[in-house]
Structures are given as structure tokens and as C-alpha cells.
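Encoded as C-alpha cells, the following chain is the form predicted on its own, with no partner shown.
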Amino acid sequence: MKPKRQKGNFHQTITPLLFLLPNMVIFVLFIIVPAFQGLRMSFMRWGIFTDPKFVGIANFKELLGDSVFWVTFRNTLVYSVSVVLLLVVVSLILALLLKRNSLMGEKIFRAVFYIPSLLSMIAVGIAWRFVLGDEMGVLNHVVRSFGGDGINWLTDGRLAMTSVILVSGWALSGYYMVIFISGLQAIPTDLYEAARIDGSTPWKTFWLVTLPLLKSTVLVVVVLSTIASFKAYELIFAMTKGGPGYATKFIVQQVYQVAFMEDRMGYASAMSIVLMVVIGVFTAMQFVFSGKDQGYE
């Protein structure tokens, strides 16, 4: 028989709600209300200087035949899957190497790896554009100084996509490393001691002890990195401006172009709704496949 849950008094109940109230107001005003407004706009033909006209699902029908939208959608999927896998692997490796607090050097390395995540993505993109640029890039200057030919890091389609994926991993892995370190430090050390006494190898201990107990942390990292990758804009725009051609043009950039350069706010809203649905589906799938066997107790 479960014990009855004690109810707090009025002050114990209302005080937490008062602390949450400012955040809830901000969330409603700047997230919920714009989301519903965007949904309403997606059913209209709406420009900045024109009166809105209800067109039903015409904007969504137009999306089905919009080849540029599907190219940007494919690019977004490729980028998202690649970045999420890269971030999970790299940040977990860094966390495993730097999970202890015993040495000053480990704290310094944590700070070094974490600093890029504090920088503006625009600044990161501009800095790496100077490094990877075709003519004035630092890396190509080094290659040419050894007698080689410059590499089209940002003007070749495949290399450009690879470059933005790797730079994104460099910029964000430190942030997710901190999350993994928190998860690793929450694992009882007694389990590692028991595994060592049983003669388990480090690799076997990782697969049988560490990874199963990190499932909830991995889920958090995957969900957060997936949402961030689908919304990626500043870094990619600063590095390649979506080029060459449409090679690194993602949905968010296409939404901006359609809304503010072509003055088609309703059509851009329809794109945003599709993006929101895709993010929701991917997030739900991750919870279903990764959260079935979670132990939250």
C-alpha cells in the first residue's frame, strides 16, 4: 500500500508557482502565442505590406512541388543526423577522459573544450571562414607553402557540408561534454569497483556498466542536439551563406529568405510548421526508442 502523499500548506504550494510565473509568462508570450500565430498565418497568403487572405492548405500544397524546399529539407536531415552522431560520440569521449576532479589539468581542459560553446555562432563561423577560405584561408596558405594546391573547403558542395558539420561539432561538443560528465559522476563508484574485482576489462565495463546507466543522459543529449541542429542558421550562413548553390542551404535559411526577401510570410509560416512537426516527430521517436528501459527511480 502506497503511503499517502502529504499536501503542503498554502505558502508551500503558491511560492514555487510565483517563482515560475515570470518564466511561464515569457514562455507563453514569446513561444506559445507566436506558434499559434504562425499556424494561423500558414493558412493565409500574407505579405508585410498586403492584407492577409485565407487560402486554406494552398501553402502546404505548394510545398509538395517546391524543389528548393525539398533540397533544403534533405540538407537539413543530412546535417542533423551527422551532427548529432558526431556530438554524442565526441562529447562522450571527452567526458570519459575528463570526468574526474582530481587533477588541475583536467579542469583546464574542461574549460578549453567548453569555451567554444560560449561564443557567438556568427563569430565562430567568421573565424572558421578565415581558416578554410579558398584564397585567403589559413589552412590553404599552409597547404600551398608546402607546394600543394588549395582545397575548396567551402566552395565544393560535399566538402562544404563536411566542413560545417565538423565545425559544428567543434563548437558544441564542449557543451554536451559537461552534460555527460554530470551523468558519469552520478554513477556509483561501487559498481566500477565490483566490475574490477570480477575481472572486467575497461571496454567491457563501459558497455555493461557505464553505457546502460547513461541512457537517460544520452537521451537528453540526443534530443537537445537534434533540436539545435534543425534550427542551425548563424554558423552555416557565416561560413557558406548556404552555398555553393544549395549545398549547405537549410530550411531555416529558406524560411528567412521566403519571409523577408520574397515577402511571403504565409508560405514561410507553412515551412516553419513543417519544420516544427519534423522536430516533434524526431523528438518523440527518440523518447520511444531510447526511453523504454530508462530507470528513473
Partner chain sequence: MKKLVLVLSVLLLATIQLFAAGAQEKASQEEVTLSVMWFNDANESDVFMDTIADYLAENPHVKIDMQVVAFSDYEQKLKLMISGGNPPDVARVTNNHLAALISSLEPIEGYVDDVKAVETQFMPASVAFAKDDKGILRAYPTEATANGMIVNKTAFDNAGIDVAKLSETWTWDQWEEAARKVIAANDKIKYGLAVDFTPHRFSTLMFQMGGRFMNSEQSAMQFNNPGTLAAIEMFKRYHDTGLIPKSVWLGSENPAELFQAGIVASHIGGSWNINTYNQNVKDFEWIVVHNPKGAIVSSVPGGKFIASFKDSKNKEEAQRLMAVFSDKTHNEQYCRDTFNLSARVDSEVQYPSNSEDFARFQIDLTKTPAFTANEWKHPVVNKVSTYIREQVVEVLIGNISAQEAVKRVDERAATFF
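Residue numbers count along the first chain shown, from 1. Every value quoted in this text rests on a predicted model; they were computed, and no experiment measured them.
Form predicted in complex with its partner chain: not shown, discussed below.
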Notebook entry, point to check: 196, 144, 215, 107: which sits within 4.5 Å of its partner chain in the model of the complex by any heavy atom?
Noted result: 144
Check: So which of 164-172, 89-97, 136-144, 199-207 is the stretch with heavy atoms within 4.5 Å of its partner chain in the model of the complex?
Finding: 136-144
Check: Does any heavy atom of residue 33 come within 4.5 Å of a heavy atom of its partner chain in the model of the complex?
Finding: no
Margin query: Although the partner isn't part of this model, could you tell me whether residue 257 comes within 4.5 Å of its partner chain in the model of the complex, counting any heavy atom of the residue?
Written below: yes
Margin query: Within 4.5 Å, heavy atoms only: does residue 269 come near its partner chain in the model of the complex?
Written below: no
Note to self: residue 240 versus its partner chain, in the model of the complex: is there a non-hydrogen atom within 4.5 Å?
What the structure shows: yes
Item checked: Any residue of 259-285 that, in the model of the complex, places a heavy atom within 4.5 Å of its partner chain -> 260, 261, 262, 263, 264
